[in-house]
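Below you will find one chain, with nothing else, as structure tokens; this is the form predicted alone, and questions on how it binds or moves follow later.
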Amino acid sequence: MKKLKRSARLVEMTQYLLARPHTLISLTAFADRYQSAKSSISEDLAIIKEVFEGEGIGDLHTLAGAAGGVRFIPKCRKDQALDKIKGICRQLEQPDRLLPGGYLYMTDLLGQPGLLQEVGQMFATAFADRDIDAIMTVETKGIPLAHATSLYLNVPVVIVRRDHKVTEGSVVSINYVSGSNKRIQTMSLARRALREQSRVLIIDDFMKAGGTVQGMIDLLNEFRAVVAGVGVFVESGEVDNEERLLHDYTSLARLTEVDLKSRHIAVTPGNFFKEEAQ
């Protein structure tokens, strides 16, 4: 590209980093791209790093040595994220969202680009220090959440299906027991979708007892994969601790009270915000 003035270079470098999260970029690559000395590039990166960290956009990690460079790690400030999740909780408390069985209608929220961006950034912050190769979710409502998170972690998404599709080719299928209604159900994943021994982050939209998530964990065992973490958008707080099948997870919101008769709903920030909410 043509040589840019420093102000223009800073703008272009910032956009370049934002578009390539968790990617190591060498100083040589930047120097060649902008036809500038490495010392100038280093000064520019120091400015960008200060702004990113000061404004809660993320961290800019520097790796020294011949094979070093910089890596942008997207993050959000917990206080800012808490304000956003409180607003989401207020939306989830609308009485007309209540569905039979104590579930919440969330499809409209999961179709809003701005909300998905915020939620994806929260999940990416929660698992920023994990070594993740892929994000797994089950069809269908978890898909937009998984893709929003993948944009910030820069890893592929694999989708677990409840019904085998011929277009998926050879699949691995398991039976699992739904934690909420104790029914035996089936889920499957194409063999080509995930490399063996991958480190996988599971993302789900709603967790009651954790049967679906536990099913995905069992499915990952068939691929000899490692569960790098579990992120849940909304968890049900009306499940007894001994009834819950999963205990190691991160939730963004918690459904604490549902009164079907009065249609009263109470939603609070999840365990990701435990310290900030106190």
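The shown structure was predicted, so the numbers you read here are calculated from the model rather than taken from an experiment. Quick note: we count residues from 1 along the sequence shown, nothing fancier.
Absent from the display: the form predicted together with another copy of the chain. The rest refers to it.
Next item on the list: Find the only residue in Arg199, Lys141, Lys78, Arg71 having a heavy atom within 4.5 Å of another copy of the chain in the model of the complex.
Entry: It is Lys141 that has a heavy atom within 4.5 Å of the partner.
Check: Which listed residue (Leu245, Val234, Ile57, Leu220) meets the criterion of a heavy atom within 4.5 Å of another copy of the chain in the model of the complex?
Finding: Contact with another copy of the chain in the model of the complex is made by Ile57 alone.
Checklist line | One stretch from 63 to 71, 23 to 31, 220 to 228, 40 to 48 that, in the model of the complex, holds residues within 4.5 Å of another copy of the chain by heavy atom | finding: Looking at the partner contacts, the answer comes out as 40 to 48.
Next item on the list: Could you confirm whether Val157 comes within 4.5 Å of another copy of the chain in the model of the complex, counting heavy atoms only?
Entry: Val157: yes, in contact with another copy of the chain in the model of the complex.
Margin query: Test of understanding: in the model of the complex, would Thr125 fall inside 4.5 Å of another copy of the chain by heavy atoms?
Written below: Although another copy of the chain is absent here, Thr125 would stay clear of it in the model of the complex, with no heavy atoms inside 4.5 Å.
Next item on the list: Answer for Glu168 alone: is it within 4.5 Å of another copy of the chain in the model of the complex, judged on heavy atom distances?
Entry: Contact with another copy of the chain, yes.
Next item on the list: Using a 4.5 Å heavy atom cut-off, state whether Ala190 contacts another copy of the chain in the model of the complex.
Entry: The answer is yes: Ala190 has a heavy atom within 4.5 Å of another copy of the chain.
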